[in-house]
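As structure tokens, the next two blocks hold two forms of the same chain, structure 1 and structure 2.
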Structure 1
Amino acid sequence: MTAAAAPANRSNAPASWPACSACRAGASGVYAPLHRTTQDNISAVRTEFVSVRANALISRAGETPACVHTLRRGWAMQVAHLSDGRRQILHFFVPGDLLNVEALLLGERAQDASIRALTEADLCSFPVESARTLFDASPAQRESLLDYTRAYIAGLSRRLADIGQRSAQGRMAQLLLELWERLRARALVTDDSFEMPVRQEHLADALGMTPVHVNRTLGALRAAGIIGFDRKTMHVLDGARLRKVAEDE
């Protein structure tokens, strides 16, 4: 992790780190097959456990990451910054996701975008080469990594198509549908409701909209009875209609 990450709590004593066996994110995340069979192997190569504050820099664009990180708790975001301070949010990471997956697949190269914590977050760090060995541990684990990578790349491509061609409601529905399905796969959805720490300013920077337009778009989907939201919780009231808006608009 970059030194600019401003950790809220860092421990260099492995004995004090939370056990892999108790990690819900690991049990349903990208290395779930390995987690089910050889948790000791994961613990053996983990080099750091760190808690970071919201908006902390986890990895910086232009730098070559030495580690990949799994998101044990909290949300993060992948961000491209322009020279005048504007930003484009490329991806939202949720518990169980793998950060810096490009380093595993493409080798030593400077990354194109930064990763920041969206909320307070807990991260487990693994040296790139050790992570490659872990993810090559079994056919099931290799397939899990491939599935994760396919979904990650598909999400980036879909967001590009959304911004270029879809209406505001279509863009918003696509993103909410994606988050709902990803969180449901991680057992983080209850009664079609999920924690939604993404603020309207984040949605605007992810979808190529203004915050005012985001507010109107969310309001229209709520008025139609498709979604509901309060505080930091999103409720999917009509999943079929949300999918239809995502696909048709």
Structure 2
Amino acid sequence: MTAAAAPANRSNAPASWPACSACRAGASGVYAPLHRTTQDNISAVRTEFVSVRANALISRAGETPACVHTLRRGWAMQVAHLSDGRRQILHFFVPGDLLNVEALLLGERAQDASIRALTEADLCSFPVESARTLFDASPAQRESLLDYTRAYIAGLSRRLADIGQRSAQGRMAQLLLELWERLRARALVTDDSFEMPVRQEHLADALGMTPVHVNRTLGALRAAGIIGFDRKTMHVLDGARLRKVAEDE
């Protein structure tokens, strides 16, 4: 079930959809160049605005994605599944991210990973074809897309090196720093703290460890006074030491 096929809630009147001009994804995401110059064109090709529930499947592995989505609210994750049910979270998407961007570059090829909502989330959908046309219109925009793709590949490579080479604390610190940076770029960090609607179970599947050990790892960082957290908020108390842990362990 894709979001486009069976939205939990749908506004049928495009007029009632939230304005693209107010979109954080537009202002600071992959298509910022486009957003600055031709906002109307963006609105024109938006075919859907949906809210999905936590855990909703947004894009299914093995299918060719029909739409690119803007994640306007909530978090999502990209997941690879092993045949026996184990799963690896490849990437966390935060508000303002674009989902399925690879489809613009790679054409109508099947995805080998799913995208699933982590929380309740709002999505805007753009058919791949129209989005590609839009992106091709401006050289700056094309550049931005290629940069995004390069960064995506670099992110995968870095995560691979992290999981392959670093200890639990190092991996955790790397992930927290990455999220911290990305959320700060979206103005979602205040007072060195940010909402992190991710269960420890998700961190475990992203970092290649068990939920129990995620808990102990976070506990150690908290005991050291490096981070503070509760169920929903992560607080970076000592960025310098967090960076040191991320580098050294």
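All residue numbers here follow the sequence of structure 1, with the first residue given the number 1. We call the rigid core the largest set of C-alpha positions that still match within 1.5 Å between the two forms. Keep in mind that this is a model prediction, so the values were computed, not measured.
Undergrad: Eyeball the pair and call it: which is the form predicted in complex with a further copy of the same chain?
TA: Structure 2, which is the form predicted in complex with a further copy of the same chain, differs in this respect from structure 1.
Undergrad: Would you say whether residue 150 is displaced between structures 1 and 2, judging by a C-alpha shift of 2 Å or more on the superposed rigid core?
TA: Residue 150: C-alpha displaced by 2 Å or more between structures 1 and 2.
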